[in-house]
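The chain below stands alone and is given in structure tokens; this is the form predicted on its own.
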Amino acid sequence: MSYKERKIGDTLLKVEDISLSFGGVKALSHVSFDIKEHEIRAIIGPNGAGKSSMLNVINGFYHPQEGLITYKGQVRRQMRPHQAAKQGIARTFQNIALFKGMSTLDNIMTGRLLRMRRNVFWQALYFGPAVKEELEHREAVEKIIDFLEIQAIRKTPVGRLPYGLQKRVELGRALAMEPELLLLDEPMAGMNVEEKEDMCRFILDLNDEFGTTIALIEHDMGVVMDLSDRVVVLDYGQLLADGTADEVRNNQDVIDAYLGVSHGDDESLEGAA
């Protein structure tokens, strides 16, 4: 599916001249790019390039010292993660952050909390409106479980699941928030070939069927080139390249960053063609 076939819309999110430092260490330096409605936008780069830091800036975990973020036409300043979530930004993490003793269904249900209108009093009583609301949210969660094809593990504690299925449950929890913008931090890390193929299919279906805008960090360049409409490349916290998958794949600066010995990184663009 090509960039044009996905019916890419207007700019949903724009980062302008973003700089982020931790003490004397610069994680990001004057980075600018945008994410358009309904596209799959990849953020790539060698280890330590600032990719996860950029996602943390977008969803409010980090506050940059310089620059602006515009989301749905409004400039955001000092937004907190829960505010970003309320405005339709959901996130998965590089390291799985699930409640290991809880079932798959209950983990995904936690993604519905921001959408529950009844207060703690009603939930504690579990009576009348609270019961009706929970049943509605459980129905939404069951649809996500069906979509991700994890019906067989809906009651299984996630701590007993293999890594690939845990990543799928984490995706389900993010989807339970009904995001407009979904941030995926290495969604296929540690997966085998079959698990990666399944995850790619879910990401494409999410984008195609639900129109969800997706920004993802991924080290498998074959996956990046197959999935992405556009790719932004970071290197040492700076913007190295920005363009379509083909433009980035043939960019000499990108090739040098991935193949250069200075990073000591085993990533490459080999096999991405």
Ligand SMILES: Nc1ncnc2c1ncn2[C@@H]1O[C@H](COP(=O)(O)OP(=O)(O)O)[C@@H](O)[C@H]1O
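In this text, residue numbers run from 1 along the sequence as written. These figures come from a predicted structure and were not determined experimentally.
There is also a form predicted in complex with the named molecule; it is not shown, and the following applies to it.
Using a 4.5 angstroms threshold between heavy atoms, G48 counts as touching the named molecule in the predicted bound form.
In the predicted bound form, none of the heavy atoms of N192 sits within 4.5 Å of a heavy atom of the named molecule. Taking the partner from elsewhere, A27 is found to have a heavy atom lying within 4.5 Å of the named molecule in the predicted bound form.
Although the partner is absent here, F33 sits far enough away that none of its heavy atoms falls within 4.5 Å of the named molecule in the predicted bound form. Stretch-level contact analysis of 220-228, 64-72, 39-47, 206-214 against the named molecule in the predicted bound form, using heavy atoms and a 4.5 Å limit, identifies 39-47. Interface residue among T110, Q83, Q94, Q151 relative to the named molecule in the predicted bound form, by the heavy atom within 4.5 Å criterion: Q94.
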